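One chain comes next, on its own, written out as structure tokens in the form predicted alone.
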């Protein structure tokens, strides 16, 4: 997947900007607050229709304007053009247009522009909350399978309705049939989510194991296990297990006012040599594991979508040493497009065997200047 042009109007600190991109690595550098991450945020927004920095779209509007608009011109591996426009206004909300067609359901579009993001908060994936790991898995699978995204959307809607009923039951008698009807929706969609997650985690675990060994150059045994709140019972169908657990825990859930079983309570267990990374891994091992996880995400998406995802590396070079970054980039045989934000233009000078053409974008107060380098003329300014 290639992004050729990005246009911003009233987005964050950009009143207006038109930026052209190419194959290879794009280094977006400048001081903190200059607007580097905003460019990555805009690309992420065009791919997933949401920001990775805020859940509130109105916070993305420049100054006191009434709307913002982002446009991107993409080309996929088959040579097909994808022109995407996302506009948001305070009055009418968010609108998505792809190749001139206005889409009512954003889920129809997700996955057309696969993207993998690594930013400082991701480096705590192996140490953070289960919610963070579930979100990682949901983003990966939503981009690789529209059916998974459908089940996830329907599951979350049913979960919200059931939780509202459980809360109301603390103050007034509960209609058991109404609660059971939402449970059946949760069982149907939840079972599909569990199956897809479990199947994908097996594949992802093998990818991460391979990448971890190459990155660390050690023979450590690395594994990812999908931990289910609806356990597998020998001789019992998943739907029947789910239904039985709902019946057993209904009074407890009414007391809590929330649903306590289902894929929204599941987790990923990261193991190194049979021991939980969260409890036993060093900081270096945690970082190596997360890099391997992101490389696994890249390859998984590439295999499922037949497209090399766009890679977004947001200000992680202060967190990682040059050796890890060089090894990470070397593992990407089909590197496609990479976008890197950093405060130092000269960071790649530290990577002795970096062989990719590099495009530099100096960002200052919402303005952008472009330069390019090849491995042969690195250090010389281009057009």
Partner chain sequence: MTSLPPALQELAAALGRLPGIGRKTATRLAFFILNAPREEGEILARAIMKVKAEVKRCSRCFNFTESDPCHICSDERRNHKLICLVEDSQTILLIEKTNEYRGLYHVLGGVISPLDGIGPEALRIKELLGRLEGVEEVILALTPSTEGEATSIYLAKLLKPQGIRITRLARGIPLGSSLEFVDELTLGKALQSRSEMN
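Predicted, not measured: the structure shown is a model, and the values here were computed from it. Positions refer to the first chain, counted from 1.
From this point on, the text means the form predicted in complex with the partner chain, which you will not see here.
Residues within 4.5 angstroms of the partner chain in the predicted bound form, judged by any non-hydrogen atom, belong to 101 to 109 and to none of the other stretches in 101 to 109, 255 to 263, 217 to 225, 271 to 279. When the partner chain is considered in the predicted bound form, only one residue from 182, 242, 88, 136 comes within 4.5 Å through any heavy atom, namely 182. The partner is absent here, but in the predicted bound form a heavy atom of 177, alone among 251, 177, 78, 283, sits within 4.5 Å of the partner chain. Within 4.5 Å of any heavy atom of the partner chain in the predicted bound form lies no heavy atom of residue 300.
The partner chain in the predicted bound form is approached by residue 161, whose closest heavy atom lies within 4.5 angstroms of it. Although the partner is absent here, residue 247 sits far enough away that none of its heavy atoms falls within 4.5 Å of the partner chain in the predicted bound form. The closest non-hydrogen atom of residue 168 lies within 4.5 Å of the partner chain in the predicted bound form.
Along 134 to 159, a non-hydrogen atom within 4.5 Å of the partner chain in the predicted bound form is carried by 146, 147, 150, 154, 157, 158, in order along the sequence.
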